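Before any questions on how it binds or moves, here is one chain, the form predicted on its own, in structure tokens.
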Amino acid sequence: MAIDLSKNNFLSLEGASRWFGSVAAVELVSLTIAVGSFTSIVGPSGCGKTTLLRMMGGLEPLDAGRMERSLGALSYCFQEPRLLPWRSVVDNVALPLELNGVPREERLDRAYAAIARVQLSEAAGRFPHQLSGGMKMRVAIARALIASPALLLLDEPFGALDEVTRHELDAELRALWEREQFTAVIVTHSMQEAAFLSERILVCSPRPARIIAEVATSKDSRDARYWTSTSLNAAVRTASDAMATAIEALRR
């Protein structure tokens, strides 16, 4: 596949591969990420999904292949919130602007606005030890969004949360994306979460990660009823079947 960075594509990979010593983590991945799209990456545990995401974000080099990415701010949400315990919520959220030299009054104004976007205004003055797990992840998302990133990369951000809180945060993240149309890519172990959040699901093979299937999801808006919808269940079934087929093929 030729690299294509037309006005409709934010990121393209061609034959992207990554090794750790003699172990291949990602092999010959070619894909494009459209501007304003929401893409999920799923696959078996340890298959290389996180490595692929880190390659997209420039946190891991490509040992082979090519990547092209449009200019624009990039933000990353990790599996843990990674908040600084001695800083309040608002000061944690404002940190990226502080590091970029934005004056204090402006960065605090923008931090309060970002906190409001994730429905956490009442906790702006609290410290991380005073927050629940779900609230900490809201802070992490607000911090990631404060710089108005063109690309948001999320690595299993809600995996450690209970199902009710996870569904709430999925709904909030999807609503934010629908309103603001930033480009987003999430790695998740949950087929249901992938189908709820994204417009398409990329299914990875067991390690080394290769893209073995691409599943389009519904264009409909999401609400609580979508978790049990026919559209979500169809996307989950298609993606799950593709992954099961790949795993079975390796066992033969």
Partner chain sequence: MTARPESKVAGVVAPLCVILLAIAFWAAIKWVFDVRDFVLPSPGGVLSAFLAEPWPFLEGCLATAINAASGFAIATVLGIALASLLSLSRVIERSVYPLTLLFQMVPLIAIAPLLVVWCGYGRPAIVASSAVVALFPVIANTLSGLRARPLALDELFSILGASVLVRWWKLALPSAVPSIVTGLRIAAGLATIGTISGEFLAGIGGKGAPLGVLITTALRNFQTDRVIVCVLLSALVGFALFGAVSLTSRLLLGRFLRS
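Owing to the predicted nature of the structure, the values given are computational and were not obtained by experimental measurement. Here, rigid core means the biggest group of C-alpha atoms that superpose within 1.5 Å across both forms. Numbering follows the first chain given and starts at 1.
What comes next is about the form predicted together with its partner chain, which does not appear here.
Although the partner is absent here, Leu71 sits far enough away that none of its heavy atoms falls within 4.5 Å of its partner chain in the predicted complex. Using a 4.5 angstroms limit between non-hydrogen atoms, Glu98 touches its partner chain in the predicted complex.
Taking the partner from the other structure, its partner chain in the predicted complex has a heavy atom within 4.5 Å of a heavy atom of Leu84. A residue is said to contact a partner when one of its heavy atoms sits within 4.5 Å of a partner heavy atom; Pro206 fails this definition for its partner chain in the predicted complex, lying far away. Proximity of Arg54, His129 and Arg143 to its partner chain in the predicted complex is complete: all three residues have a non-hydrogen atom within 4.5 angstroms.
Remark: of stretches 112-120, 175-183, 156-164, 75-83, the one touching its partner chain in the predicted complex is 75-83 (heavy atom within 4.5 Å).
Taking a 4.5 Å heavy atom cutoff to its partner chain in the predicted complex, the contact residue among Ala216, Ala34, Ala64, Leu59 is Leu59.
The Cα position of Pro149 differs by less than 2 Å between this form and the one not shown after fitting on the rigid core.
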